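Coming up is one lone chain in C-alpha cells, specifically the form predicted alone.
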C-alpha cells in the first residue's frame, strides 16, 4: 500500500494548533490531503472530544523539549540511545505494541521542530568528540509512517550530515523511504527496519509492510547513500522459530558488503496493562514471567537460547556488524556473549557509546 493510499484509509481529520499553523509541515500535509476535513485549534487541549481518536492527526509546536534519552527499563542495560519525539502514536496496529497500554484510542500527534533539537544533538556531539552519538525518532511512533506527509526527518538528516560521529536513525516497519532518496548527502543517517518472520508480520503486525517490502526498501536507501540497521525485536517464540528467524538472517546475506550499522535483538516483553490486548494473538498461550522491571518476558533460558541462535547466525552471515541486546540484564549479556571474540565485543561497545558494555563483558579500551 502506498503512503497516500494508507493515509486515505486511516486519516479522518487533519488538525493543527495555532502555534503550528505557519509551519511547512502543515502546508505540505494540507496540499497532499485536500479531500479530508482540515481544522485549526487554539491549542492541543482545544481539539473537540469526538476528534480525539487515532483517525485524527494533530500537528503541534510544543513548548517542551522533544529531545532526550531513551527511558530504558529498570534493572536492565540501556544502549544509551537518544530520542527525538516527532511522531507520537501509530496506527499500524501491531498486536504486541507497548504503546497500546498508554496511547490507545488517542490522537496521533506530530510535533514539529524548528531546529532546537538539531542544535542539541550537535552540542552532544561536540561534548563527546570521537564517540558515536546514536539518536533517533522511533521511540513513541514509527519514524517513517507519516514522514512522507510531513517531511520532518529531512531537516535532521541534512542538518547533521557534516558530523561524522552522529548516526541519526529512523526506525520503521514500512517501506516509506522514497521521499528521502533525493537527499544529496545523507551523512551518517541510518534507516532501520524491524524484522519478523512473514507469519508473524501477517498475523500480528497490522498494516506493516511485508518482509520483502522492507528488505527492498533497505536496498533502495543503501543505493541512495544511507546506512541501514535491522532490529529483531520483538522476537516471538513461534513454532519452528529457529528456521523462521534463520531464513531472515540468510536473506540478510545480500547486505554482507553494504553499510549495515548495527543489529539489535529483543524478545517479546510487555507490561501487565498490555495483557488484555494480547487475547487472540498467536503467542497468547506462551509462558511469560515477571522480570525485575515489572515487564513480562519469556523464561531466561528460552530468551538466551533465541539470542545465541540468532547471534551465531548473524556473526556468520554479517561478520563484523555489531549485534546488541535491547532491554536485557547484565547476566543475559554474559550468557549470550560468553563465546564472542574481543573484536566483536569492541564493535558492540563502540556502537553503544561505551558506557556499560565493557563493564559487562570485560572488554579493554
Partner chain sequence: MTLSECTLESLRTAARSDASLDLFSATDPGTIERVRHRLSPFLVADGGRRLVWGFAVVRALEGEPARSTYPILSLDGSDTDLLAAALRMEARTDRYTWRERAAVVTLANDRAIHLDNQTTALVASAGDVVSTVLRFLRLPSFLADAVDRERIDLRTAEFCAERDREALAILLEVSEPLSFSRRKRMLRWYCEYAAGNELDKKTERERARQIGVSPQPESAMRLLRYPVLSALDERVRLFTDRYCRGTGIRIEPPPSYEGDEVRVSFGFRTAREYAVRVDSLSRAREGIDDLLSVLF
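Source: prediction; values computed, not measured. Numbering follows the first chain given and starts at 1.
This next part talks about the form predicted in complex with its partner chain, which is not shown.
The partner is absent here; in the predicted bound form, the one residue of 128, 220, 251, 290 having a heavy atom within 4.5 Å of its partner chain is 290. Between the options 179, 256, 154, 286, the residue in contact with its partner chain in the predicted bound form by a heavy atom within 4.5 angstroms is 286. Within 4.5 Å of any heavy atom of its partner chain in the predicted bound form lies no heavy atom of residue 39.
In the predicted bound form, its partner chain lies within 4.5 Å of some heavy atom of residue 298. Residue contact with its partner chain in the predicted bound form: residue 308 places a heavy atom within 4.5 Å of it. Residue 171 falls outside the set of residues with a heavy atom inside 4.5 Å of its partner chain in the predicted bound form. Contact with its partner chain in the predicted bound form, defined as a heavy atom within 4.5 Å, is made by none of 45, 106 and 269. Just one listed stretch, out of 54-62, 23-31, 312-320, 326-334, contacts its partner chain in the predicted bound form at the 4.5 Å heavy atom level, and that stretch is 326-334.
In the predicted bound form, 303, 304, 308 are the residues of 303-322 with at least one heavy atom within 4.5 Å of its partner chain, listed from first to last.
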